[in-house]
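Just the one chain here, laid out as C-alpha coordinates, in the form predicted alone.
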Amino acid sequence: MKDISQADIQNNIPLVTRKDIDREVKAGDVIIGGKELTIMAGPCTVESKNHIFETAKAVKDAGANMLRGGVFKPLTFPYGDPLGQPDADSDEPPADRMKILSKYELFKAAEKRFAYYKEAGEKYGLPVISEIIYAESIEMMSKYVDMFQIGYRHMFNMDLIEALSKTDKPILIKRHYGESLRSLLGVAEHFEARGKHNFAFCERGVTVPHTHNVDSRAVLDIQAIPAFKEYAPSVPVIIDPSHSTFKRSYVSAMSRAAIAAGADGLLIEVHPDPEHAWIDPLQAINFSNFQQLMKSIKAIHEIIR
(Lines give C-alpha, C1' and ligand atoms only; values in the text may rest on other atoms or scores of the structure.)
Protein backbone atom coordinates (compact mmCIF):
# COMPACT_ATOMS: atom_id res chain seq x y z
CA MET A 1 0.00 0.00 0.00
CA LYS A 2 1.60 3.22 -1.12
CA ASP A 3 -1.13 5.80 -0.65
CA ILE A 4 -1.43 7.68 2.63
CA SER A 5 -4.67 6.82 4.42
CA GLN A 6 -6.50 8.42 7.30
CA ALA A 7 -5.56 5.36 9.36
CA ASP A 8 -1.89 6.10 8.63
CA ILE A 9 -2.28 9.67 9.82
CA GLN A 10 -3.96 8.53 13.02
CA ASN A 11 -1.79 5.51 13.82
CA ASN A 12 1.48 5.46 11.87
CA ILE A 13 2.50 9.06 11.18
CA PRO A 14 0.55 11.24 13.64
CA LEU A 15 3.55 13.38 14.62
CA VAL A 16 5.03 14.38 11.26
CA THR A 17 1.58 15.08 9.75
CA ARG A 18 0.28 17.34 12.53
CA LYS A 19 -0.54 20.83 11.44
CA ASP A 20 -0.19 22.64 14.77
CA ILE A 21 3.61 22.41 15.15
CA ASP A 22 5.85 25.45 14.87
CA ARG A 23 8.84 23.75 13.24
CA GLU A 24 12.12 25.64 12.79
CA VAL A 25 14.74 24.17 10.48
CA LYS A 26 17.79 26.40 10.61
CA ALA A 27 21.30 25.77 9.25
CA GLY A 28 23.70 28.41 10.48
CA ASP A 29 21.77 31.63 9.93
CA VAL A 30 19.63 30.24 7.08
CA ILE A 31 16.01 29.40 7.89
CA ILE A 32 14.90 26.59 5.59
CA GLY A 33 11.25 26.84 4.70
CA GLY A 34 11.04 30.53 5.54
CA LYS A 35 10.06 33.41 3.29
CA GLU A 36 13.24 33.19 1.22
CA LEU A 37 14.29 30.32 -1.03
CA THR A 38 17.06 28.06 0.26
CA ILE A 39 19.52 27.34 -2.52
CA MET A 40 22.14 24.73 -1.61
CA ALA A 41 24.68 24.83 -4.42
CA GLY A 42 28.12 23.39 -5.01
CA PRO A 43 30.03 20.38 -6.34
CA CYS A 44 29.12 16.72 -6.06
CA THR A 45 32.46 16.19 -4.33
CA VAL A 46 35.07 18.48 -2.78
CA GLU A 47 38.04 17.96 -5.08
CA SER A 48 40.55 20.41 -3.57
CA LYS A 49 40.84 23.56 -1.51
CA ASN A 50 41.06 25.79 -4.59
CA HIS A 51 38.10 24.00 -6.12
CA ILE A 52 35.72 24.48 -3.20
CA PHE A 53 36.81 28.09 -2.59
CA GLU A 54 36.29 28.97 -6.26
CA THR A 55 32.89 27.33 -6.27
CA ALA A 56 31.80 28.88 -2.96
CA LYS A 57 32.57 32.37 -4.24
CA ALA A 58 30.72 31.77 -7.51
CA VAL A 59 27.53 30.39 -5.94
CA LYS A 60 27.52 33.10 -3.28
CA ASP A 61 27.89 35.82 -5.93
CA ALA A 62 25.00 34.27 -7.86
CA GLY A 63 22.71 34.33 -4.82
CA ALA A 64 22.95 30.88 -3.20
CA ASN A 65 22.68 30.89 0.59
CA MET A 66 24.11 27.44 1.41
CA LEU A 67 27.12 25.49 0.15
CA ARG A 68 26.70 21.82 -0.77
CA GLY A 69 29.58 19.46 -1.36
CA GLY A 70 30.16 15.76 -1.00
CA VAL A 71 33.05 14.24 0.94
CA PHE A 72 31.80 10.78 1.84
CA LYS A 73 30.40 9.34 -1.38
CA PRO A 74 28.43 6.06 -1.43
CA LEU A 75 29.33 5.27 -5.02
CA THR A 76 27.53 2.59 -7.01
CA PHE A 77 30.87 0.87 -7.75
CA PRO A 78 33.86 0.58 -5.39
CA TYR A 79 36.59 1.93 -7.68
CA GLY A 80 37.65 5.53 -8.22
CA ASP A 81 36.53 6.84 -4.84
CA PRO A 82 37.34 10.59 -4.83
CA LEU A 83 38.94 10.34 -1.41
CA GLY A 84 41.49 8.01 -2.94
CA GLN A 85 42.63 10.82 -5.24
CA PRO A 86 45.06 13.59 -4.34
CA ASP A 87 43.86 17.18 -4.20
CA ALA A 88 43.44 18.51 -7.72
CA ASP A 89 45.81 21.40 -6.92
CA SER A 90 48.49 19.34 -5.15
CA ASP A 91 51.69 17.65 -6.29
CA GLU A 92 50.70 14.26 -4.92
CA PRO A 93 51.01 11.38 -7.40
CA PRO A 94 47.79 9.81 -8.72
CA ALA A 95 46.35 7.21 -6.38
CA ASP A 96 45.62 3.62 -7.29
CA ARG A 97 41.97 3.87 -8.27
CA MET A 98 41.49 0.16 -7.60
CA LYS A 99 42.55 0.49 -3.96
CA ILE A 100 39.81 0.18 -1.37
CA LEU A 101 40.51 2.54 1.53
CA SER A 102 40.21 1.32 5.08
CA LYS A 103 37.77 3.26 7.24
CA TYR A 104 40.71 4.86 9.08
CA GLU A 105 42.24 6.02 5.78
CA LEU A 106 38.85 7.20 4.57
CA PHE A 107 38.09 9.27 7.68
CA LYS A 108 41.58 10.80 7.69
CA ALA A 109 41.27 11.87 4.05
CA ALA A 110 37.70 13.03 4.57
CA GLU A 111 38.53 15.30 7.49
CA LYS A 112 41.05 17.17 5.35
CA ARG A 113 38.36 17.85 2.75
CA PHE A 114 35.79 18.79 5.40
CA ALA A 115 38.23 21.37 6.74
CA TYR A 116 38.51 22.96 3.28
CA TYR A 117 34.74 22.89 3.02
CA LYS A 118 34.13 24.60 6.35
CA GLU A 119 36.78 27.25 5.66
CA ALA A 120 35.23 28.08 2.29
CA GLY A 121 31.76 28.29 3.81
CA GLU A 122 32.94 30.59 6.57
CA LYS A 123 34.84 32.86 4.17
CA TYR A 124 31.80 33.42 1.96
CA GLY A 125 29.11 33.30 4.65
CA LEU A 126 27.54 30.04 3.50
CA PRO A 127 26.36 27.34 5.94
CA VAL A 128 27.45 23.95 4.62
CA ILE A 129 25.59 20.67 4.07
CA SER A 130 27.12 17.29 3.33
CA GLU A 131 26.02 13.67 3.18
CA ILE A 132 26.65 11.34 6.10
CA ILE A 133 26.92 7.59 5.56
CA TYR A 134 28.67 6.41 8.77
CA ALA A 135 27.02 6.93 12.15
CA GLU A 136 30.45 6.97 13.79
CA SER A 137 31.45 9.99 11.70
CA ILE A 138 28.91 12.31 13.36
CA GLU A 139 31.34 13.65 15.96
CA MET A 140 33.99 14.44 13.35
CA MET A 141 31.56 15.90 10.80
CA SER A 142 29.81 18.04 13.41
CA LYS A 143 32.95 20.17 13.63
CA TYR A 144 32.64 21.10 9.96
CA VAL A 145 29.04 20.97 8.70
CA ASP A 146 25.92 22.94 9.57
CA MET A 147 23.45 20.39 8.19
CA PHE A 148 23.56 16.64 7.61
CA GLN A 149 22.16 15.05 4.47
CA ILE A 150 20.82 11.50 4.49
CA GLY A 151 21.23 10.19 0.96
CA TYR A 152 18.59 8.07 -0.71
CA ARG A 153 20.59 4.87 -0.16
CA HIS A 154 20.46 5.43 3.61
CA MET A 155 16.84 6.48 3.96
CA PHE A 156 16.09 3.48 6.22
CA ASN A 157 19.49 3.33 7.96
CA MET A 158 18.45 2.91 11.59
CA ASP A 159 22.00 3.50 12.88
CA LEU A 160 21.90 6.96 11.29
CA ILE A 161 18.36 7.63 12.51
CA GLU A 162 19.34 6.78 16.09
CA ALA A 163 22.59 8.75 16.00
CA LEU A 164 21.27 11.83 14.19
CA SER A 165 18.27 12.01 16.52
CA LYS A 166 20.72 13.00 19.26
CA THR A 167 22.26 15.91 17.35
CA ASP A 168 21.12 19.53 17.39
CA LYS A 169 21.98 20.08 13.73
CA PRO A 170 19.27 19.91 11.08
CA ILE A 171 18.87 17.06 8.62
CA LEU A 172 17.89 16.83 4.96
CA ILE A 173 16.25 13.46 4.25
CA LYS A 174 16.27 12.30 0.64
CA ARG A 175 13.54 10.02 -0.66
CA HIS A 176 14.78 6.89 -2.41
CA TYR A 177 13.68 6.81 -6.04
CA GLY A 178 11.82 3.52 -5.44
CA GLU A 179 9.99 4.57 -2.28
CA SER A 180 6.64 6.27 -1.73
CA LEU A 181 5.94 9.49 0.14
CA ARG A 182 4.29 7.27 2.73
CA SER A 183 7.62 5.52 3.34
CA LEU A 184 9.52 8.80 3.67
CA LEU A 185 6.94 10.11 6.13
CA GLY A 186 7.52 6.90 8.08
CA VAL A 187 11.25 7.65 8.27
CA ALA A 188 10.43 11.18 9.45
CA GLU A 189 8.13 9.71 12.10
CA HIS A 190 11.09 7.75 13.46
CA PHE A 191 12.88 11.07 14.03
CA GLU A 192 9.78 12.71 15.48
CA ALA A 193 9.23 9.83 17.90
CA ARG A 194 12.81 10.31 19.13
CA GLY A 195 12.33 14.03 19.68
CA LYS A 196 14.13 15.21 16.52
CA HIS A 197 12.06 17.83 14.72
CA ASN A 198 14.46 20.01 12.70
CA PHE A 199 14.52 18.20 9.37
CA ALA A 200 13.53 18.84 5.76
CA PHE A 201 12.57 16.55 2.90
CA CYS A 202 14.42 16.24 -0.39
CA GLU A 203 12.74 14.96 -3.54
CA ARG A 204 15.27 13.54 -6.04
CA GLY A 205 13.11 11.67 -8.52
CA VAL A 206 11.24 8.39 -8.81
CA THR A 207 11.64 5.22 -10.84
CA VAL A 208 9.41 4.90 -13.91
CA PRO A 209 9.40 2.59 -16.98
CA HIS A 210 11.37 5.18 -18.94
CA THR A 211 13.23 8.34 -17.94
CA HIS A 212 13.71 10.29 -21.21
CA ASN A 213 17.44 9.90 -20.55
CA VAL A 214 19.35 6.66 -20.97
CA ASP A 215 21.79 7.57 -18.16
CA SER A 216 19.17 8.42 -15.54
CA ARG A 217 17.49 6.19 -12.96
CA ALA A 218 14.60 8.54 -12.28
CA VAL A 219 12.36 11.43 -13.28
CA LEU A 220 11.52 14.35 -11.03
CA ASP A 221 8.25 13.95 -9.14
CA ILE A 222 6.89 17.50 -9.19
CA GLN A 223 3.59 16.26 -7.77
CA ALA A 224 5.44 15.31 -4.59
CA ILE A 225 5.77 19.02 -3.72
CA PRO A 226 2.05 19.74 -3.19
CA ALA A 227 1.64 16.25 -1.70
CA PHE A 228 4.26 16.95 0.98
CA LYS A 229 2.64 20.32 1.63
CA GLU A 230 -0.70 18.57 2.08
CA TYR A 231 0.38 15.79 4.43
CA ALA A 232 3.32 17.36 6.30
CA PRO A 233 2.88 21.12 5.85
CA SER A 234 5.38 22.07 8.54
CA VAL A 235 8.30 20.24 6.88
CA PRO A 236 10.29 22.20 4.25
CA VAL A 237 10.65 20.60 0.82
CA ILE A 238 13.90 20.83 -1.16
CA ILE A 239 14.20 19.59 -4.75
CA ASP A 240 17.30 17.99 -6.27
CA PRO A 241 17.06 18.71 -10.02
CA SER A 242 20.59 17.42 -10.61
CA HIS A 243 20.32 13.76 -9.57
CA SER A 244 16.69 13.46 -10.62
CA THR A 245 17.50 14.36 -14.24
CA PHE A 246 21.16 13.30 -14.49
CA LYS A 247 21.37 15.65 -17.47
CA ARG A 248 22.59 19.24 -17.23
CA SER A 249 20.38 20.50 -20.08
CA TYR A 250 17.29 19.52 -18.03
CA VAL A 251 18.39 21.01 -14.71
CA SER A 252 17.32 24.63 -15.22
CA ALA A 253 13.85 23.75 -16.52
CA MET A 254 13.18 21.36 -13.64
CA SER A 255 14.49 23.91 -11.13
CA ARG A 256 12.07 26.51 -12.43
CA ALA A 257 9.20 24.01 -12.37
CA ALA A 258 10.00 23.04 -8.78
CA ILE A 259 9.96 26.64 -7.55
CA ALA A 260 6.73 27.32 -9.44
CA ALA A 261 5.17 24.26 -7.76
CA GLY A 262 5.99 25.62 -4.30
CA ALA A 263 9.31 24.04 -3.32
CA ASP A 264 11.19 25.78 -0.52
CA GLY A 265 14.52 25.48 -2.28
CA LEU A 266 16.95 23.50 -4.40
CA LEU A 267 19.94 21.20 -3.87
CA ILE A 268 21.89 21.72 -7.06
CA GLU A 269 25.27 20.67 -8.40
CA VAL A 270 27.52 23.48 -9.64
CA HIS A 271 31.09 23.00 -10.86
CA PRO A 272 33.69 25.29 -12.52
CA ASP A 273 34.32 22.68 -15.24
CA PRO A 274 31.37 20.25 -15.21
CA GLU A 275 32.62 17.96 -17.97
CA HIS A 276 35.71 17.19 -15.89
CA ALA A 277 34.06 16.79 -12.48
CA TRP A 278 35.45 13.81 -10.57
CA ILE A 279 31.99 12.44 -9.83
CA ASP A 280 28.73 12.74 -11.80
CA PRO A 281 29.94 15.04 -14.60
CA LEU A 282 26.68 14.66 -16.55
CA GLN A 283 24.40 16.86 -14.45
CA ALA A 284 26.52 19.62 -12.91
CA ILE A 285 26.07 23.09 -14.37
CA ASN A 286 28.73 25.77 -14.72
CA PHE A 287 28.92 29.12 -12.96
CA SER A 288 27.40 31.13 -15.81
CA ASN A 289 24.39 28.83 -16.17
CA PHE A 290 23.86 28.83 -12.41
CA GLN A 291 23.88 32.62 -12.33
CA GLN A 292 21.25 32.73 -15.08
CA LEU A 293 19.17 30.11 -13.29
CA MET A 294 19.22 32.08 -10.04
CA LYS A 295 17.78 35.12 -11.79
CA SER A 296 14.91 33.12 -13.25
CA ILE A 297 13.94 31.23 -10.09
CA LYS A 298 14.03 34.42 -8.02
CA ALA A 299 11.66 36.01 -10.53
CA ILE A 300 9.31 33.02 -10.31
CA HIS A 301 9.44 33.08 -6.52
CA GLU A 302 8.55 36.77 -6.44
CA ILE A 303 5.45 36.05 -8.50
CA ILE A 304 4.09 33.11 -6.49
CA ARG A 305 4.94 33.93 -2.90
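Just count from 1 along the sequence shown to find any residue number. In this text the structure is predicted, and so the values were computed from the model without any measurement.
Here the subject shifts to the form predicted in complex with a small molecule, a form of this protein not shown in this document.
Enquirer: Only one of 146-154, 220-228, 106-114, 120-128 gets a heavy atom within 4.5 Å of the small molecule in the predicted complex; which is it?
Expert: Result for this chain: 146-154.
Enquirer: Quick check on this chain: which one of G186, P233, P74, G178 has a heavy atom within 4.5 Å of the small molecule in the predicted complex?
Expert: Partner contact (heavy atom, 4.5 Å) among the options: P74.
Enquirer: Can you tell me if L267 lies within 4.5 angstroms of the small molecule in the predicted complex, counting non-hydrogen atoms only?
Expert: Yes - in the predicted complex, heavy atoms of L267 and the small molecule come within 4.5 Å of each other.
Enquirer: Would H243 count as a contact of the small molecule in the predicted complex, using a 4.5 angstroms cut-off between non-hydrogen atoms?
Expert: Contact with the small molecule, yes.
Enquirer: Can you work out whether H51 and the small molecule are in contact in the predicted complex, taking contact to mean some heavy atom pair no more than 4.5 Å apart?
Expert: Looking in the predicted complex, residue contacts with the small molecule do not include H51, since no heavy atom lies within 4.5 Å.
Enquirer: At 4.5 Å between heavy atoms, is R68 in contact with the small molecule in the predicted complex?
Expert: Answer yes; at least one heavy atom of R68 falls within 4.5 Å of the small molecule in the predicted complex.
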